[in-house]
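Two forms, one protein chain; structure tokens for each follow separately as structure 1 and structure 2.
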Structure 1
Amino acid sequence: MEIEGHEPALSAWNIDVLEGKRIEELRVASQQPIADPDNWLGAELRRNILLTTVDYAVNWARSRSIFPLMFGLACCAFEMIATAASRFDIARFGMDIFRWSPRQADLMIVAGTITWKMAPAVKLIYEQMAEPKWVIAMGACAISGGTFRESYSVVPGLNRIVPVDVYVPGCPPRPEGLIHGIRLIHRKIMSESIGKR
């Protein structure tokens, strides 16, 4: 006699058969390994962790926080000043303010004709800048003396006084030329090793 809601009592043999069927179903279903539940972790780490070198990290920070020292000596200085104005806006390169103290600057932009009387001041200011430091010679006069190179009082190139990293040619060079020179300084900074400086 069956009671409603209850299964009939199974014999030991039937229990073994049912258990065998369950084991066989599990064996058939388990031919492939179960996916690793932590498999998402590798992709998440690759997406959220950045591996780099100390050189790259330091140079990236340096190249985006250059403090220029404005050394305008002649007509090229007007183009240098225009580069900092709203139309060309060198603040987008991390160069918000021109520094007037060499101790706060790491990029010297020499724009214009350098006379031998001014040369000691240029050298002194360069020596007062903290390392690492870079120099841009802006304009034909700063690069080679320009139209005044035959004069007894004009220095025939800034590289006679201090080491120059980038030359921006022109008489006077346009602000776009100076921006290109700044981008070249960025590239130079990114290629340096902090151990060799």
Structure 2
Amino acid sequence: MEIEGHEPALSAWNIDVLEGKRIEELRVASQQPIADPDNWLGAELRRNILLTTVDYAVNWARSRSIFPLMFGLACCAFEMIATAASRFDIARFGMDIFRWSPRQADLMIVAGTITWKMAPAVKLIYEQMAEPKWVIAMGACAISGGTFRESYSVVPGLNRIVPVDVYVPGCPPRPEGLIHGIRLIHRKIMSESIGKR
């Protein structure tokens, strides 16, 4: 209900202006790519002897039951859907259900072009996911902006706004490519230690 002569604090216009401000702030803050969390590659596994067996059990359980987030931004999403459907059958890797809520997911597959208007939502969803969490950038657009890199409205790479664990190249990558990416995430999980994370 609107009261005569009383401007509501969040009128439709104010919401637009606030959104514009948030997007501009994020744009200014994300001019540089975030470093990839890839120090597990080739690094020697220095672990507490006592923890190794526990680690192994925990990592085995974690990597065999990843819950991906249902999250498609553009054309790449269809290859992700194909990966989940019967022919490529992602359930073989313990990923039966794509979760709709970021609170229940631990793998974010960003499939598609990220526009600046969508970027705050992507970042918010990433922040809403509980630790431990992993991110796959799927397709040329999510990796670097792809064909739209120079565009006025597209984020030139997902790593400007969130840290990325695995990049899956292609336009779009085939489901086999995405499965390869998921297997790399498994390897990364197996190299982690509960003592450190």
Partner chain sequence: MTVSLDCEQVAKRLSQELPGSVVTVEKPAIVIRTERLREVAEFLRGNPDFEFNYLANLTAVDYLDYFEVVYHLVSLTHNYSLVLKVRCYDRVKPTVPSVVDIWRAADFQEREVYDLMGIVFDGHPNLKRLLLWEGFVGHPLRKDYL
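Numbers follow structure 1, counted from its first residue as 1. Bear in mind that the values here come from a model prediction, so they are computed numbers and not experimental data. Rigid core here is just the name for the largest C-alpha set that superposes within 1.5 Å across the two forms.
The form predicted together with its partner chain corresponds to structure 2; structure 1 is the other form. Once the cores line up, the CA of Glu19 ends up 2 angstroms or more apart between the two structures.
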